[in-house]
Every structure is written in structure tokens, then in C-alpha cells.
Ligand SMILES: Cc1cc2nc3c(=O)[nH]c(=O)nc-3n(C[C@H](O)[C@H](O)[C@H](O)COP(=O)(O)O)c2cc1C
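Encoded as C-alpha cells, the following chain is the form predicted alone, with no partner shown.
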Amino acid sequence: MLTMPAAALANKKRMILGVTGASGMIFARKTLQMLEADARVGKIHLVISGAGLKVLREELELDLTKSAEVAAALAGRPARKTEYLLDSDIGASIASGSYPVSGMIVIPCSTGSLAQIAHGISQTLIERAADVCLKEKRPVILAVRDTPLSRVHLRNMLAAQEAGAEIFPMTPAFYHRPKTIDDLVTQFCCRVLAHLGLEQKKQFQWQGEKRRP
């Protein structure tokens, strides 16, 4: 991992990217790639739950046996801004409110992780980092992935939203006429990052219905 001078890092965003055990790891990969490529981002703290690692192996066929290579394996390229943290490392920097970050994305966010975050149960680093961001009034985006949603899930979404999180269900859009799966994934991730003040040039923006003669 390439380190950046403290003065330069101070002017850039520090982001937390949590990946939990729900389907949709292609969205986690694209989000990491876009954060890595964004000049406004200086550092990314990547945390993957145990279940998340299992789903990553299944959906993306990644070899995640070496911790030092996890970030690059997920990004599919060198991840020089990214620090990979174990979900069991409850003493990591992002577990404290005194460590400044610009926001946190949990993508995909399982309904189990949603429940823990919604009720302030901090047994893992992802849960603790989210709890810290909420109490410090920092942005938290939960890209929930499950269907159908039970009444329990809906109540937990409301509880998380009332605590300050933004519920961002993994629902792809089609009005930009995507040609590939990557088009769908990219547009969704652009929308997520825009809610953190990281608008992307690749994002399609609706300009109004085209009038036909």
C-alpha cells in the first residue's frame, strides 16, 4: 500500500467500505474501484465480514487466503489507497470517534448487519465503525440486499434511518438504457457515491423526457 503525506491526506476524504454476507459482491468491487480512482479520496478502510468473505469466494471466485492481497483481489487491480482491516479487529482506528472519516458505505449490507447497526450492537468492526459514524453524525449508507422484506427488516430499516443512516436498497435503474451488467452496477454505485459528495462523471443524469414529434 502506497502511503500519502499527512498534509496531502488531510485535504482528501477518508472512507470506510464495509462488505457483509449478502449477494451482490460485484457492487462492492465496483465501489472499491471507483473510490480508488477518485482523486478526492485519500484513504479507504476496507472491512469484510466472515460471511462476506464466503460470498466473495462464491460470486467472484477470489482467492482471499492472504490478508495482504485481499484489497487488490477485490478491486481486480492494485489498491494503493486501501487498508484492509479484519472484522474482528475491534481496536482498529475506525472503531474510535476520534479518528476522522468522511463517511461509510456498507455494500452489500445483509439484513443481519442491518439489524445490528440499527440497534447499536457492536460485536464486529463493521458494526462498531457504523455505530461510531452514526454517533459522530457522519454519513452511513446501507445498501441493503434481500427480497422479499419481512416486517422485521422494514422495522430495522426505519430504526437505522432514524438513527441517521441512509437506506439505499440495491435496486438497479434502467432509465439510462443499460447495455451490460456493468452499466447497471456502475450507475448504482455512482448514485451511492453522489450521496457522499463524490459525484462521478460516469453517472447518468436524467434531463427530462425527450419529446417526440
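Throughout, we count residues from 1 along the sequence that is shown. As the structure is a computational prediction, the values presented were derived from the model and not from experiment.
The form predicted together with this ligand is left out here; the points below concern that form.
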*Decide if the three candidate residues S23, A51 and S113 all line this ligand in the model of the complex, where lining means a heavy atom within 4.5 Å.*
yes
_Listed range touching this ligand, judged in the model of the complex by heavy atoms within 4.5 Å, from 145-153, 66-74, 174-182, 27-35_ = 145-153
*Given that the partner is absent here, does V55 sit within 4.5 Å of this ligand in the model of the complex, heavy atoms only?*
yes
*this ligand in the model of the complex - contacting residues of 61-75, heavy atom within 4.5 Å*: none
